[in-house]
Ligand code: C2E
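Shown below, as structure tokens, is a lone chain in the form predicted alone; questions about how it binds or moves come after it.
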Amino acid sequence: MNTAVLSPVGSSSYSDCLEAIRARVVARESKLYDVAVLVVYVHQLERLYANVGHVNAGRMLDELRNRLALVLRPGDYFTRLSDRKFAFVLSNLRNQGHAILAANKILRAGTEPLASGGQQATVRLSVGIGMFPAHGRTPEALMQCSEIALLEAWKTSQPVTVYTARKADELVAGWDLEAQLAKALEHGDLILNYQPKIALPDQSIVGAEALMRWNRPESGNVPPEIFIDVAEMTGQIDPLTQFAFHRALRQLSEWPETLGRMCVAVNVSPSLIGNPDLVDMVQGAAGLWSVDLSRLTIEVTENALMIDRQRSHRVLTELRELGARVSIDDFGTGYSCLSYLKEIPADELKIDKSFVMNMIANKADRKIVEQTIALGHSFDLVVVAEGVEDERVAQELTVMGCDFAQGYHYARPLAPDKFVEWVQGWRPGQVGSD
């Protein structure tokens, strides 16, 4: 009898899954059907642990596993690869569309609240799909294609993504980053560079945004959009964020007094915005380096604020009560509503660079920038324009009443010592510097 195969809890592994794929590929009797590998990712697992505790979270994940198993048909295979990943191997599919239908069933199975110990929580899932024979002809290749599709789903905030070769080369180049990232902090390969923030219209320097960089000795720089995504998906975002706060606040304490009262901004991942541990992380770093938290700005994207409104509101309120400032980053690219904007505990709005860089050539982008400045001021927020790359844009922003500017027109992100040199040599009105 042809039955579904469900691997026992605790015995799942990539090797088991590869064998399941191999068996179904070998058993494939004709080219009239496909085999699909679906890798399912559970987002924000750290938040789940923080909110309900490890015992209840573990039980909820077991419940999720049982729900996902109900999607199985006879002949399918299902396993739990890790705390945050599951895999399906589906055969007898007529086309890619059937794999997408299965993925949508998986997503629906995860939408209902999970319960344990009198507590409830919901999780968000993403699914990456790889197909045999279209995307890969070996078990290893199919798994890799599914993982690449999953990473693309995570990056684009799409619940389901099917593998394409379009970005495969870029993502495969970072295939081994998970293990290397864990060592990068220890070896000092991760650093913070600082991009100056300029006040308009007097062009005084008020601070900088701290931007993380990773230079691998054997292969050069890893783009932040790649290694930050890897950190998010592998649960390494907490130590990276802790590193960013400690390094940035330490830098503030070490910069010479001749620079004036510099402030620094640190970006915080969406997965941490609603986590109460963020407050302790920030407070601990400030205490260790004896830095007044009024000199720290925490940058969060508007989409991150929408993931869990109540918890993000609570955490950001606590941070502001400690003295830190909050900035809404990449404003204009997300989906937040104006009714929520009035409630966000924030001090600053950052206009996304995509609008600023095109505002001279594109009337619509110029209007967006102009109205965002007015909107921010109407809510008593200071407004920062990112992506300022020439003097004409800087002048237009000044006329519009924008408060601060940031971009290559002034300086690229600089190493700490180069930042000090740049600030000491800055004269209002001078053009950009590398």
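In this text, the rigid core denotes the largest set of C-alpha atoms whose superposition between the two forms falls within 1.5 Å. We number the residues from 1 along the sequence you see. Note that this is a predicted model, so its numbers are computed, not measured.
Heads up, the form predicted together with the named molecule isn't pictured, but that's what we're talking about next.
Visitor: Looking at V39, C402, V388, V369 here, can you tell me which has any non-hydrogen atom within 4.5 angstroms of the named molecule in the predicted complex?
Guide: By the 4.5 Å criterion, the partner-contacting residue is V388.
Visitor: Exactly one residue in C263, M212, I344, L114 has a non-hydrogen atom within 4.5 Å of the named molecule in the predicted complex; which is it?
Guide: Of the listed residues, the single hit is M212.
Visitor: With the distance limit set at 4.5 angstroms and only heavy atoms considered, check whether N267, D330 and G407 all reach the named molecule in the predicted complex.
Guide: Yes, each of N267, D330 and G407 comes within 4.5 Å of the named molecule in the predicted complex.
Visitor: Using the partner position in the predicted complex, report whether E299 sits within 4.5 Å of the named molecule, counting heavy atoms only.
Guide: Flag for E299 set to yes.
Visitor: Under a 4.5 Å heavy atom criterion, is A324 part of the interface with the named molecule in the predicted complex?
Guide: No, A324 sits far enough from the named molecule in the predicted complex that none of its heavy atoms falls within 4.5 Å.
Visitor: Given that the partner is absent here, does D202 sit within 4.5 Å of the named molecule in the predicted complex, heavy atoms only?
Guide: Flag for D202 set to no.
Visitor: Does at least one non-hydrogen atom of P224 fall within 4.5 angstroms of the named molecule in the predicted complex?
Guide: Yes, P224 lies within 4.5 Å of the named molecule in the predicted complex.
Visitor: Heavy atoms within 4.5 Å of the named molecule in the predicted complex: which stretch among 267 to 275, 98 to 106, 130 to 138, 152 to 160?
Guide: Within 4.5 Å of the partner lies stretch 267 to 275.
Visitor: Do you see a C-alpha shift of 2 Å or more at Q44 between this form and the one not shown, with the core held fixed?
Guide: It does, since the Q44 C-alpha is displaced 2 Å or more between this form and the one not shown after the core fit.
Visitor: Specify closer or farther for G323 and Q44: how their Cα atoms are spaced in the predicted complex versus the shown form, given a shift of 3 angstroms or more.
Guide: Between the C-alphas of Q44 and G323, the gap widens in the predicted complex (3 Å or more compared with this form).
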